[in-house]
Structure formats: structure tokens, C-alpha cells
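Here we start with a single chain on its own, the form predicted alone, put down as C-alpha cells.
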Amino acid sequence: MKPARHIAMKYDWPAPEERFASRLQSLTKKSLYRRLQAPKGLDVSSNDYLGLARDDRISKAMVSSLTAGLDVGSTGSRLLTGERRDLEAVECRFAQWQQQEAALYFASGYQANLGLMSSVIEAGDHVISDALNHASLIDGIRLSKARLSIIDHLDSHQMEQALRSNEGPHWIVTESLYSMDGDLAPIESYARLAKKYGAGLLVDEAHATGLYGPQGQGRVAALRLQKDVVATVHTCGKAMGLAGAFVTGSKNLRSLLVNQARSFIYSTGPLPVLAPALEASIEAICNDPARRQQPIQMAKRLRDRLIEGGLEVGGGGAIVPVILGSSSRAMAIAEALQHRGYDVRAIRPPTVPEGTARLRLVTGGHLKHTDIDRLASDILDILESL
């Protein structure tokens, strides 16, 4: 019996590598191609609002934990071998700081939002989400399989319409300070609507933690609304200068996340040495109100200088967006500023809507008045020359 002949099949679609190359070429033509780039120059882009990523108190806490014999690796998920008393201790400290019953630490803000949204929101629930909510919130809502209403950015009137015209249970999902525009959500209004319509309020405090509140807890604490929210999310890779994120709320919420948040259950536990560093970061934020105020004051100075020069700029907190329109224009201006010694990046779609490519300038606590004035002068000079 003769062996069967192998007949090569012909297909009408391109091979994977051809598809990759085609897609990358399309991104390049649209000025949307991205590449990894190490920091270089004066930092006016990072989310290290308080300069704690460079703070000796934080690094010393981490080094001390290593010399004291704390494990380097976690060895498994926290439900297996990755649990440590130090992690539980810092979660308790964080919950106390936020004046909430409990907190749970995730490996990243993205994982925290993914786990929270997909766990507490059930299929068939109704979610009202701001049009500019972060990708991690959007993806978590999608995983929940809930019914979704997307409202225009910060539109409380549309929020109430969505609550009134849909059956519950309802959830309101918002950021407290939006990272690309730097504007503040009307959380007080949302809390009133949540109470009126029996909705759960979920607030991502990523860019407000460390800058607002009586001890830097965020805007929910600043507005004394801790009892009006179901959960808040606080990333640690921004003002706290480290990594990971805490979800805070009730003890039942924490237990539910431990049992049902897939991004928590199926992730290796965080490095144990992060726990003492996180505690040091909390203390640094609590005990230094002047440091918390400086980035916001510097941002106001930069806004004022740019407005004096004829630019229209908005923003809030420590974020100053300079809207430039096209991606190619934003890229050209960012590169010109890089040549003058600034670490600045162009922000392009899909991170921001089409036609709103921008510079996202951040006035971290390491900047001086002279840095701010020179930056404003250089931006205006470059714009005038184009």
C-alpha cells in the first residue's frame, strides 16, 4: 500500500508575519506607531507626582526588608503560597488611612479594575460609565456582561437620565480625576444620584491618591464621601512611587474579591519587599502636606504661563494637557521638546479621541519655578516656529 501523499493547501489569507507587518505599516502612516523609550531629560511626563519613586525613605524601607530576611519572591498566588503577614498588615494600614473597613492589594491598577468590575457587577446589571473612563474600567465592565450606558464626559444630567430610563441594579463607574484631561468628576453629584436611585458607586482614584484629602487619601476622602461609595481604587505606581493597587471598601467586598476576582486569584502574589515600602510611602504622604500641594501649585503656574502666551489649556491636579490636534503635530512638538532636554511624550489615539492628540504635561514635586517658566517658554517658542 502506497503512503498517502501530503497535498499542500492554498489559503486566501496572508501569513501571520505579513499581517503584522501590514498593521505596523498602517500605524506608522497614521503617526500612531509606538516604541519603548527609556526616560531621558527633565521629567515632565511621569505620574510620580510627589517624587516618591526617588525618595530615600522608600528605598531604605525596601532594602531593610531584604536584609531582615524577607523573601524576594512570593512563590505563588496569594491563595496558594504567596500570602505574607506583611501584605495583610499593609492592607490593614491602607484601609485605616482610607477610613474604610478593608483593602485588597492587586499587582497593578489594571488588574484591580478588571477584578473589581467583573466581580461586583453581575450579568444583567446596568452600568453607567463615563465616555472617557480608563481602558481597565471599560474592559472590566465588558467582562461583567452587564447592560451598559455610556454618558458624555462628566454629564450628570445624562447620568440621571440613564438611571431613570433603565432597570436596576445600577452601578455608576467613574474616575475621580481624569488622567488625560486632568479634570475632576462631580463625585458629590454622582453620590446623590446613587443614593436616589439605589445605585452602587465605584470610583477610580488613581490620579487623585496622594494629592487630595486631609492626609492625601484622594478626592472621595476630601469630599467626605467614604460611606457613599462601594469601592475606591488607588494605584501605587503614581503618587505613591511604587507599584500595584489597592481596592478599598467593606470586609465583604474584600472577601468577594479574594474569591471571585480572577485577576487576583490567578496572578502570582506581589513581591513581599513591596509591603514595607508601601507603608513608608503612606507615612510620607500623610506627614507632608506641603509636598502634596506643590504639584498642584506648579501646574497652576504652568497653566498661567501658557495662557499668558495665548494657549488654551485646561486640566486639574498636577496634569496640564496641551491639545495639538493631529498625531503628527503632537509627535513633532514632543520631539522638539525632547531635543531641548525634556522627557515629554505625545499622547495619541486611541488613548485620547481622534483629533485631540496632545502633550500631557505633569508638574511633579521635583520641579522648580525656573523649570516651569522655561518649559512654558520653550513650548510657546516651538509652537510659534511651526
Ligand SMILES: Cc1ncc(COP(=O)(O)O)c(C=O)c1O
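What you are looking at is a predicted structure, and each value in this text was computed from that prediction instead of being measured. One rule holds for the numbers: they count along the sequence shown, beginning at 1.
There is also a form predicted together with the named molecule; it is not shown, and the following applies to it.
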Among 230 to 238, 158 to 166, 286 to 294, 92 to 100, the stretch whose residues bring a heavy atom within 4.5 Å of the named molecule in the model of the complex is 230 to 238
Can you check whether H134 is within 4.5 Å of the named molecule in the model of the complex, heavy atom basis?
yes
Mark A206 yes when one of its heavy atoms lies within 4.5 Å of a heavy atom of the named molecule in the model of the complex, and no otherwise.
yes
Can E175 be called a contact residue for the named molecule in the model of the complex at 4.5 Å between heavy atoms?
yes
Residue-level question: is S108 within 4.5 Å of the named molecule in the model of the complex, judged on heavy atoms?
yes
Check for me whether the named molecule, as it appears in the model of the complex, comes within 4.5 angstroms of all of N113, S179 and G244 - heavy atoms only.
yes
In the model of the complex, residues of 258 to 273 near the named molecule [heavy atom within 4.5 Å]:
none
